[in-house]
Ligand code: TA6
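One chain comes next, on its own, written out as structure tokens in the form predicted on its own.
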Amino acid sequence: MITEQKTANGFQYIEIENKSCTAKVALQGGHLFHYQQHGQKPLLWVSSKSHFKEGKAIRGGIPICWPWFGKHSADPTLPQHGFARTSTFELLEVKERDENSTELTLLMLSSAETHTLWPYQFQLLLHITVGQTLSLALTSRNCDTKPFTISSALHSYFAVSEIGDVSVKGLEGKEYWNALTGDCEIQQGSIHIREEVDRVYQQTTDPLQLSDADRSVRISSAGSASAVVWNPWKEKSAKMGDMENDAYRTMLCIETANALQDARTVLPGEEHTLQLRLTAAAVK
């Protein structure tokens, strides 16, 4: 079952409930900001200070970074992480395959407004499947007469019990760009968060495993050969207006991406799909 909802200030979102889970998706940004299997804790972290307001990105859930990741390479005055996360999507279709699974398709089209930020004609389709697993597929279609290059991310914020109990496996031996130092380094062993971390890993091929004290999450991707791991730690959390001072303790971003060398060029009439699949299980 899905219902259309609004916050007190008129911010629109879709609420989904089936036999497996509940979920919430904002029409602004096609932003999935809640997913919770029945009997389990929410999988995604959302800041209690997050803006649910037109034109403001939600801090948490799974924002869509598109058509560029991070700062624009040529014009730093353009929006951080592109314009998709603050643009309005249209709900195209809802399918309930069975009592345990619900599929949504959302669409954003190029317009005169997007053309002032990025001079291409496009269709951006987002397919979300919520059930015993959570899947997202972001498809970029080139409707222009010239090729375009995109960098992007499904910027997943995971809720964790305590950051000191977390480990991430699957990136051992991978090269990463350390955004804090500007250096390229090699990952030694599993990832443990003991300080601020902001890394873009390249040549990622295997599923990743996020392990917490009471839950493990398998992170599978397709159409991606890069991943971002981010935690702001103490000082940066305290400086961010839409995060609690101690937010770093209960969240970790592991982003399925097309970032840096993994940017993708899409020819006219062709498309590229970035896919993410999350499977969570309680630790026994």
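All of these numbers come straight from a predicted model, not from anything done at the bench. Position 1 is the first residue in the sequence shown; the rest follow in order.
The form predicted in complex with the ligand exists for this protein as well; it is not shown, and the discussion that follows is about that form.
Checked against the ligand in the predicted bound form, the residues L252, L43, I219, V228 give one hit for a heavy atom within 4.5 Å, which is V228. Only one of the listed residues (T116, T205, S167, Q80) places a non-hydrogen atom within 4.5 angstroms of the ligand in the predicted bound form, and that residue is Q80. This chain is displayed without the ligand, yet in the predicted bound form the stretch 153 to 161 from 104 to 112, 153 to 161, 136 to 144, 121 to 129 comes within 4.5 Å of it by heavy atoms. The putative spot formed by F69, R85 and D198 is fully lined by the ligand in the predicted bound form; each residue has a non-hydrogen atom within 4.5 angstroms of it. Looking at H31, you'd find every heavy atom of it more than 4.5 angstroms from the ligand in the predicted bound form.
Residues in 12 to 37 all lack a heavy atom within 4.5 Å of the ligand in the predicted bound form.
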